[in-house]
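Below, in structure tokens: the form predicted on its own, a single chain.
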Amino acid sequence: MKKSTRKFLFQRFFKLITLLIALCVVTFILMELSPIDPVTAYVGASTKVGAEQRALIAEHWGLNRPPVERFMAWFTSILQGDWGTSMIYRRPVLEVIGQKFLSSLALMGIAWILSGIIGFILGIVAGIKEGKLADKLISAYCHILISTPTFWLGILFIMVFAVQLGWFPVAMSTPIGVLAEDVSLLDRLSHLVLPALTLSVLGIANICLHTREKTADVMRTDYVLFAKARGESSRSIVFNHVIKNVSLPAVTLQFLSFSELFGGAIFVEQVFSYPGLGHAVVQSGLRGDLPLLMGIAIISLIFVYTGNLTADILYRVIDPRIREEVKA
């Protein structure tokens, strides 16, 4: 491994560690300032739980200790590999996150691929047809998407495709009242369509508009004008000149969209009652489940940081000029 590569990886690893520590501290402070009482959220609306029982519950979960002591105990256990137990699910945090993350990963993965491919194609078409009807329609479509709230689009899809047309289920990831072993792959896919469609449609706009601008710039360059002058076909220009120059920024932007993808998944999972990581983070915040919320915060940061790191690595691998700048 080259020295420049080792330095690059060390810097990124050090940055990740500092971000994780800062995130944990900020998340803990915000939960402490929250008006939600974890014990009240734990017992619910039951009036049969007396003061003594509430005190025992607080002692069991360590809620009666000072905040600094609780944070240090949690942080120490994290370093030892123990992420604690979820107050909501009564299971280890890592087990809950693993189950929820797999569900969210399927949703985000499909949406990520669809939004990237469709946005890239539409962006190239709009850039090539700059100023024409196709460009105006695609640009207007993307600007409408940017200003559309995620939850509103999800509700609209439910009303049209689930309620009126009846093509897809309204919510959940599996049919209600069916055992997990009896759920078929087709059932899971049918419940995944609307959430994935909502998330992917909203992710198209940024990729499309960015690709459109880059494509339009390429189409105005001297070498493209020269290719047109010598009679090169439009298809040849697109594949030999446009795609090669536009693909790197588009791929980079696609990996940088991990944070937007995760944030959008939270709203989508709430609208469709989809039992993924986004739904779990909302529940843990509303019910004061600090171990689960802290665990999800760590996993989400690693997930987003991985996307950013992948974009940086792709830049270094594909574009040699960046490696030369780092060496210099």
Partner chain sequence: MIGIREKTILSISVFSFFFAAILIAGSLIKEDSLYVELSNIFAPPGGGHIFGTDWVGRDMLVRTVKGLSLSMKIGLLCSVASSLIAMVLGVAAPLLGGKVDIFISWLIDFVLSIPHTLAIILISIACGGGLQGIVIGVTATHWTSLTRVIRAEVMQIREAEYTKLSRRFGKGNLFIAKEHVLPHIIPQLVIGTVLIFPHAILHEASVTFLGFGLPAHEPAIGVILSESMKYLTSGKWWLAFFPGISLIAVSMMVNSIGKNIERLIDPKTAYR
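Numbering follows the first chain given and starts at 1. These numbers come from a predicted model, not from an experiment.
Just so it is clear, the following notes concern the form predicted together with its partner chain, a form of the same protein that is not shown.
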Is it the case that 266, 281 and 297 all touch its partner chain in the predicted bound form, with a non-hydrogen atom of each within 4.5 angstroms? yes
Under a 4.5 Å heavy atom criterion, is residue 68 part of the interface with its partner chain in the predicted bound form? no
Partner contact for residue 286 in the predicted bound form: its partner chain, 4.5 angstroms, heavy atom: yes
Is residue 117 part of the interface with its partner chain in the predicted bound form - any heavy atom within 4.5 Å? no
At 4.5 Å between heavy atoms, is residue 148 in contact with its partner chain in the predicted bound form? yes
Residue among 64, 53, 259, 40 with a heavy atom within 4.5 Å of its partner chain in the predicted bound form: 259
So which stretch, 157-165, 118-126, 233-241, 74-82, is the one near its partner chain in the predicted bound form (non-hydrogen atoms, 4.5 Å)? 157-165
So which bits of 214-228 sit within 4.5 Å of its partner chain in the predicted bound form, heavy atoms only? none
